[in-house]
Every structure is written in structure tokens, then in C-alpha cells.
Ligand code: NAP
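Quick heads-up: it's one chain on its own, the form predicted on its own, in C-alpha cells.
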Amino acid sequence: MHNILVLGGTSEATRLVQALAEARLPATLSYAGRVARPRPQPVPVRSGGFGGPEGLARYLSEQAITHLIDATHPFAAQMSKHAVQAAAATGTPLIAFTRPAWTPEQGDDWTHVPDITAAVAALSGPRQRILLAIGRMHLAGFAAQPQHHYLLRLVDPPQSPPPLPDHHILIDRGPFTLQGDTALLVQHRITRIVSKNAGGTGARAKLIAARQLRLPVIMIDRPSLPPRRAATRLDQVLDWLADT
């Protein structure tokens, strides 16, 4: 008998819980609580943190979770580390369902940086018009480079105005299209893009548009994570559930 906990907040998690519901496999989807307008889901949903790896381990035990699936964002490093620790502490089988990272193609002009701090440092120099496609959690760091105009594309409105003296906020949710992102970059006269290497197809259009428009991209590489079983396709996760 399965009792699955899915750590979600991504399109992969949405596809996964839909498949689990269709297969009539009992599951709960857990959100970190950072999205104000989550999509309706076909399984029970909980929101908020667990209280560190110890709290997650306690939840796994108390709820008699049989399988743990980490389908969080590739940059949700802390949650993913807690999942590995809690699974090991409780003996709960764990798999990560994650999207492959983007890789540069011919015509791309990417500068790889390891983190947000390095991305901020890479923007030193004359004024530019920047598409800042990093979500809302780390906007304040870019106040250290106040000379730029920043176009901020966010899923939800920020709770307080970002500390960026020259910015424009666009509230939108992917998946985005090449036509739409090309028009966006042209309309706002963007000269550089800052992006996390989220991977997948929903937010990739801006990179294709940047290639066609010959715009440079500052690409923030994914954080390192502890070793864990991982899958990039839904059928791989379902096969794992059937075999464990």
C-alpha cells in the first residue's frame, strides 16, 4: 500500500500528482508556501515548512509515508537536502523528479556564475536594461547595482516594492512562448538577461529569443546537492514506485 508525499511547487509535481490520482495511488502534495495562487490539484495539499529535516522526518513517521518524491524547484537546495536527510533517518525510499538543466547551444552568449552574489557582481559597469528572471526571493541583492533598469517577471506581486530604483514589474506565469518572449525583449529594449538554470521547457523561450536577438545571458548554475536517486521523466518515477 502506497502513501506518497510529493514535495512540489513545479510543473513536474503537477504532472506527477495528476498521474498518481489517475492511478489511484494515495498521495499528498506539499507546497513550500511561496506561491500565492497555486493551481488546483487532484490530491490533498499541505502548505508550509516542516521545521527542518527533523520535522520532515517526524512527518514521514507520523503520517506513515511509504515513498518520498522531491519534485521541488532545482534551486530549492535546502528543501532537497532536508529530504535526503529525512529519508535516510526514517528509511523512506526517496527519488527526485527534476528537469534536465539547460545547456548552451551554438549562437548562445552565456556567462556562467555560481550564485546570486556572483550574478550581481557580473552586472558591474555601465547602465543596461536587464530582464531579471530569477523569481522574487533574491531581488534585493541587485540593489548593489542600481544603475540598471530591471524588468522583473514574477508569478506573484511582491509584498513590498523591490529596492531597485529603476524597475518595471510584470506579473505572469509560464509556460512562455518564443513569440511572446521575443516581443517582450524587444518592447522593453532588453540588453542582457539574468536567469537561473531552472531547466525544462516552460521558461526556456527567453533563452531562444536571446540567441536570436544576440543578447548575452548571465546564467546562474544550479546548487550542488547530496547524492540521491533522480529521474527526469514521469514514467521513470512511476516505474520506481512500482518497484519499491
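Source: prediction; values computed, not measured. Throughout, we count residues from 1 along the sequence that is shown.
Just so it is clear, the following notes concern the form predicted in complex with the named molecule, a form of the same protein that is not shown.
Heavy atoms within 4.5 Å of the named molecule in the predicted bound form are found in exactly one of 73-81, 141-149, 87-95, 107-115, that being 73-81. Of the candidates Pro26, Gly52, Pro216, Pro42, Gly52 is the one whose heavy atoms come within 4.5 Å of the named molecule in the predicted bound form; the others do not. Within 4.5 Å of some heavy atom of the named molecule in the predicted bound form lies at least one heavy atom of Lys196. Contact annotation for Tyr59: none of its heavy atoms lies within 4.5 Å of the named molecule in the predicted bound form. The closest heavy atom approach of Met137 to the named molecule in the predicted bound form falls within 4.5 Å. Of the heavy atoms in Arg46, some are within 4.5 Å of the named molecule in the predicted bound form.
Residues from 1-30 that approach the named molecule in the predicted bound form with a non-hydrogen atom closer than or equal to 4.5 Å are Leu7, Gly8, Gly9, Thr10, Ser30, in the order they occur in the chain.
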